[in-house]
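Just the one chain here, laid out as structure tokens, in the form predicted alone.
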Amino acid sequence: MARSLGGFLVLILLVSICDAASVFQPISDSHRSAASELFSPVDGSFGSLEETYEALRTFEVLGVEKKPDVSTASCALVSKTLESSSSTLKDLLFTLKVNGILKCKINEKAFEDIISRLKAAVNDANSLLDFYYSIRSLVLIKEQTLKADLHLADAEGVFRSIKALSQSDGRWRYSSSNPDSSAFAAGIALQTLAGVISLASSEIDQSMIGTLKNDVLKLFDGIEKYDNGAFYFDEKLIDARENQGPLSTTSSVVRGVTAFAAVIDGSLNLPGDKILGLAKFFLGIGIPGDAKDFFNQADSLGCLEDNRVAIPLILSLPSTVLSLTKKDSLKVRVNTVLGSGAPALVVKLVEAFSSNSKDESLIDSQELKFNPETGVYILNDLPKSIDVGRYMFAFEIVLHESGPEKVYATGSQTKIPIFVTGFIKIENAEIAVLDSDLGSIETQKKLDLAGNGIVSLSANHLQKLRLSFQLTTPRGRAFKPHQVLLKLRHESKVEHIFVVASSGKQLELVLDFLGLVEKFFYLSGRYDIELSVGDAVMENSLLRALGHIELDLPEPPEKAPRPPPQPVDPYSRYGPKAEITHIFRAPEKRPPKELSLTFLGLTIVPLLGFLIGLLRLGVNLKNFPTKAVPAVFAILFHVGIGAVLLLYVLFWLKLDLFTTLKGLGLLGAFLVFVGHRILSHLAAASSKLKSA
């Protein structure tokens, strides 16, 4: 039963997590901590200039304070790249992006040479990426050197060349020779055209600007949408070389749209709910585990944080679970995507729908009070119509009059799932044994489900068992939990589970044992009674033993069903086995100590005889070699013999046979070598003596 209740509660938790996925939270310290771990330099560098820029830009957008110092290595690489004539246009772009953040000391002459090269690249460009790398690099040089006279010679001509790559649906091609178009390329094109406008010496034809605005609107007509209100762009191009995922594609469009809106007069008139939906898409990703995805998320949110299209405001709740028992207040925050404060506004709780009935709102519109110290909008007391259960709260943000310099996107309504929990009161709990024919009560006992009392009952197959109780919410209403189960477990471990049904305000279960004898496999004896009451909003869900009942069932007929085999306890199968006690054979009786010592002495007698024999024979060292090399071999030969004798002693004292044989083999090979050399020397010396 514990597994059943646990599985049910896990299911409820998963459902709540899926719903909570639509509750979007602004960037928090978790993102900053993850950025510090994900973008970690090696030997004072992030690697390439592109990777360096992505790391520095991420730290800049998130406001990471404790970031690694890579200025020395990065600035050296920046200077080297700018001074090199072999640097590609892409390398120059990311070099200038890194320099824009680190503010490296660059020789002015290097900028002059690069400007000439980039202008030539603009004139010779034949693809969208060539235009993008060169024009965006010129824009960065203009910003970093404050060269007000840095212009394109034929800005309108360049504008038309890039605009020629656009398509009727707002997407763009990478080149005139490539018929495929993509939203990712549209974002690059918008950034490039924004650079052309900022580098133009005179105002671009407004008709071309208006046409480009219409292209942006067409691009947003093809935007995709999730059920949680998040909007995103996805590629229709199926090309392994150029195919981009939704995150990188949407990020490219956001960069392009915000860059284009920053350099034109007037607004793009994009729907605020789509801008807010783009912010929800990036926030709904959570914390990406890939550095490139993390950069795309952070950079896009940085573009949305301060732009001229619309600044999205995110409504979030510190907690989506409110307790009636603890009298929790409803708290709401409104921030930008990076967590900055919102302008003056009003937050209203306009509707609240129960999960059981979504047709009619349970409340009237209420305005939340703003606490300037915490920056939180609060509703202290939930309406009386809100009881324990699962609800969908609809919030509305109403902005105060603000200046024309900033436009905010709030959306129409923000719907957030809310769980309202409470302590459920259990009343009138009783268990009774009834007479099957008359229905009269034979035995009835009160139950204290909140306590530890147990009951003892007995019944036969002609009687019934009835369990009944009432559940009441903190508001005094009847409560019907998701799961109420009664388990009967026989002493042979056979279990039977029954669902306790709801009847009006009362939960009741009646078991007719006459109709259950086959299900009970005619097993008489003791049955333990266990009750579980579980619900995600019930703060005092319970799983407790009620007691036991002695059942007297008839003898099983010949073809009666047999109880199923019970599963083997894995602990008993794979757990520790019983300890094996081994009785060793009693040791043989040893001889007396004196006899053993006498035998030892007798074994030493031959050695003494050998030594005495050497003395009688008159051993001398007259034939010991006098030359250095033969003398060394002679000494090694005698040392080897001594080592063999020592090995025999060690074998007697402590070594085993295999270890002794291994050592003896090594010493034997050594003795053969040195013995052969010394014996060869002695033989040669003897032959010379005889010949003389």
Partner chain sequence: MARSSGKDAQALFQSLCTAYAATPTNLKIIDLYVGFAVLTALIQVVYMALVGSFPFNSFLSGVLSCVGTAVLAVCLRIQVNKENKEFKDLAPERAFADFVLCNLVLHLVIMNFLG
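Residue numbers count along the first chain shown, from 1. As the structure is a computational prediction, the values presented were derived from the model and not from experiment. Think of the rigid core as the biggest set of C-alphas that the two forms share within 1.5 Å after superposition.
Below, we turn to the form predicted in complex with the partner chain, even though it does not appear here.
Engineer: So in the model of the complex, does residue 648 come within 4.5 Å of the partner chain, heavy atom to heavy atom?
Structural biologist: Yes, contact at 4.5 Å.
Engineer: Quick one: does residue 666 come within 4.5 Å of the partner chain in the model of the complex, counting heavy atoms only?
Structural biologist: Contact check for residue 666: no, nothing within 4.5 Å of the partner chain in the model of the complex.
Engineer: Using the partner position in the model of the complex, report whether residue 519 sits within 4.5 Å of the partner chain, counting heavy atoms only.
Structural biologist: Outside the cut-off, so no.
Engineer: Hey, in the model of the complex, does residue 116 get a heavy atom within 4.5 angstroms of the partner chain?
Structural biologist: No, residue 116 is distant from the partner.
Engineer: Considering non-hydrogen atoms and a 4.5 Å limit, which listed residue (164, 344, 398, 617) is close to the partner chain in the model of the complex?
Structural biologist: When the partner chain is considered in the model of the complex, the option within 4.5 Å is 617.
Engineer: Pick from 499, 607, 146, 438: which has a non-hydrogen atom within 4.5 Å of the partner chain in the model of the complex?
Structural biologist: Answer to the contact question: 607.
Engineer: Determine which one of 28-36, 53-61, 657-665, 624-632 lies within 4.5 Å of the partner chain in the model of the complex, judging by heavy atom distances; exactly one does.
Structural biologist: Of the stretches listed, the one contacting the partner is 657-665.
Engineer: Looking at the partner chain in the model of the complex, do all three of 260, 327 and 379 come within 4.5 Å of it through at least one heavy atom?
Structural biologist: Not a single residue of the candidate spot has a heavy atom within 4.5 Å of the partner chain in the model of the complex.
Engineer: Could you list which residues of 515-551 come within 4.5 Å of the partner chain in the model of the complex, counting heavy atoms only?
Structural biologist: Read in sequence order, no residue approaches the partner chain (within 4.5 Å, in the model of the complex).
Engineer: Note yes or no: does the Cα of residue 42 move by 2 Å or more between this form and the one not shown after the core is superposed?
Structural biologist: For residue 42, whose C-alpha is compared between this form and the one not shown after core superposition, the shift is less than 2 Å.
Engineer: Would you tell me if residue 164 moves between this form and the one not shown by 2 Å or more at its C-alpha, with the rigid core held superposed?
Structural biologist: No, the C-alpha moves less than 2 Å.
Engineer: On a core-based superposition, does residue 637 travel 2 Å or more at its Cα between this form and the one not shown?
Structural biologist: Shift of 2 Å or more: yes.
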